[in-house]
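Below are two forms of the same protein chain, given as structure tokens: structure 1, then structure 2.
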Structure 1
Amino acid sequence: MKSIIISIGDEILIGQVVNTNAAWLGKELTAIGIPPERVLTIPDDENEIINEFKAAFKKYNVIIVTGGLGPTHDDLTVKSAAKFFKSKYILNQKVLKHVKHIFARRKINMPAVNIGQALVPEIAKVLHNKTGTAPGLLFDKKGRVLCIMPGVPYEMKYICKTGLFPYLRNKFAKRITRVIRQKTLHTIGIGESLLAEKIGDISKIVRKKRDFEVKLAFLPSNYEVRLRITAIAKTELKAKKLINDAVLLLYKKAGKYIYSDDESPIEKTIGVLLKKRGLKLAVAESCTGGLVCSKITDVAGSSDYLSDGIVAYSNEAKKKLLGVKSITLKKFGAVSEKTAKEMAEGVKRRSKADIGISTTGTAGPTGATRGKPVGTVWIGFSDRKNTFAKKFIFSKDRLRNKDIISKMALEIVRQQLTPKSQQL
């Protein structure tokens, strides 16, 4: 069983719109057991669309198409599908009633052009779209299924969940002979190559046999590496066991660096740890300019464990707001181990928190001094037992550095709150 995802729209090709539809569809089709072999983006051009339909129909069991179903002149997908299948149009009264209802509910006079959204190819099965005006259209011919849907993500997802996916599961039930399941672990603070060296090829350890297979993909991004496990088996039970075996193996080999196995970002992970222990965190930021606090407060309920956040960018602010000593700044500078430690201690003391963390560094692209190149950062940590600071040297990209530093500050908190036995 093979599928292809075709996205239609000039706006995607020129980079005006990010194609999140293809990413979501790829994941969902894989879970069904009809993984996509190709993802294609084409312009709003009738000839291009028809040519790709012809090519896809020769090779794929399922062709998923998104985009170009609106009421304007540049929406050509339905017209192209009708030509490809040599089907005449019919006015679907149910769709027309739905479109009229949407405009009436909004108390807007419906433009005549919207009637066209109820004109559908006669051979198409209409997939109702409760969330918008354009329905999904499904064509089932010669054992192949082609489905066209709106490009609006929430509309496309609704049509898939309520119409397309149930249809595919029912039609291809006997032909879908494999269960494909995936799980992603998130790591931080270690590069892709070092991580790969630590882990090795798990497909050889979790043995590959004729009736099952385990694959591991390394997906690096901004000082993080996602470990995507794919298990292919004949039954759901076997696939889940393969996933669990692989997860245990990865924790054994690289548990120190794994901060999430449920798609949670690092800020949510530390939030759970802080809340579970009843601890309060305070943050002192210089080079990150409030980004650490911003990430923490992205999580609902963060007021339970975040007590304070101070952006002390200048040296005067560091002295006045955090109690950093003048002699420290004069002797060691703002970007130093001593300053980072005093910032963490100061914000913890001022806020009467259990933990204080701090960031100070040269985010770039300027600001380098002798012995302190661009990207030099100190992250401070202070709790009731100890105070320390760690040095890092990151890139010359300012915004990238701010993101990395913020994540690493949170990772240091996670490491201190995670028992060593759970990091092995």
Structure 2
Amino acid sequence: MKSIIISIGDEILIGQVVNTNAAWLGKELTAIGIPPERVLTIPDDENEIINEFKAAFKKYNVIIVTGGLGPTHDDLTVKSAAKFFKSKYILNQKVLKHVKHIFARRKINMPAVNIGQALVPEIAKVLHNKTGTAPGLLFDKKGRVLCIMPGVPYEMKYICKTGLFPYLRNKFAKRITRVIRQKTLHTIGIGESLLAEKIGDISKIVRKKRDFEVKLAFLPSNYEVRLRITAIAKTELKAKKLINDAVLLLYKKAGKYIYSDDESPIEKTIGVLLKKRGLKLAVAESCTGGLVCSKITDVAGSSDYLSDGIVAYSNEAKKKLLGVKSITLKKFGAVSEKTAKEMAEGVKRRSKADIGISTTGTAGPTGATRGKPVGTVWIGFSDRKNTFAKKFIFSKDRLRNKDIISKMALEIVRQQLTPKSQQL
């Protein structure tokens, strides 16, 4: 079972748009068991489109086409498909009603040109698009499937999930001989080699047998390491079981470092923990400049556990807003263990929160002082029982530093809120 993804559009060729559709489709088609063997981007040109349809129809079982389905003159995909399949058009009443409805809801008069979107090739199966005006069109001929969809990512994804993928799974059920499932565990604050050491012997995870295979990849980036498990099996059930087994083993060895196994960010993880315990968090930021708070408030409902945040860039603000002592700043400097601790304590006390966290450091790209290279950061933590600060040395890249420091501060909260018994 082989597929090809064809993206249509000059804007992709000349780099105005990054082809994220192809990546999403690549991942999903691989999971279904019909991985793409080619991704091809071609211009908005009828001859080119028809020629590539012809070539693809000879070689691939499934041809996925996105883009060029709008109502204007340079949208040629439907026309090309109709010519290629030598099909005449019919007016699809259901699509017309839907398009009219969309315009009515937006309180806009429907331009005449949009009626054209309800004219579909007679032999096409119409895949409903709740999210926009252009439907997906599926052509099933000689055992091969060609499907055209709009290039707008959320429209394309909607049509795939509700129309195309169920169709492919059903049609090719007997011919799809392997299913691929992936899961990624996210860790932070532990290096790749140390993580590998903690995990140790992977022979119980990584296996290759006649009818199944499990792979494990370490994917490091900016002080985070993702563990990607890939399972290839004959059935979805088996693949899921293989994934679950691997996840359990990895949690047993390195569960302490895993903050997410469902692609949700760390701010979501700590939100759940804080809410469950009924605790309030206060944040004092220097080098992260508001990003810790911003991440926390990315989660809907965060007002339940975030009390306040203070961005205290200057020494003045650290003293006045957080109660950091003058002597501390004088003796140890703003980037120090003592300052980080006093910031965390101060914001906790003044906000009457249960937990205070703080960041202070040189985010870069300049600002090094003697003994404190660019990227030196102290993260402070204070709760009812104890107060401490941890030192890190990150890179010279300001934006990358702000991001990882913020995540690391949240990771410290996560670790403190996770019962030791669960930190296997």
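By convention here, residues take numbers in order along the sequence of structure 1, the first being 1. Fair warning: this is a prediction, and the values are worked out from it, not measured in the lab. Throughout, rigid core stands for the largest set of C-alpha atoms superposing within 1.5 Å between the two forms.
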| property | result |
| --- | --- |
| Identity of the form predicted alone, given as 1 or 2 | 1 |
| Rigid part between the two structures, residue 141 matching residue 183 | no |
| Hinge rotation, rigid parts compared between the two structures (°, from C-alpha fits) | 19 |
| Following rigid core superposition, Cα shift of residue 11 between the two structures in Å | 4.0 |
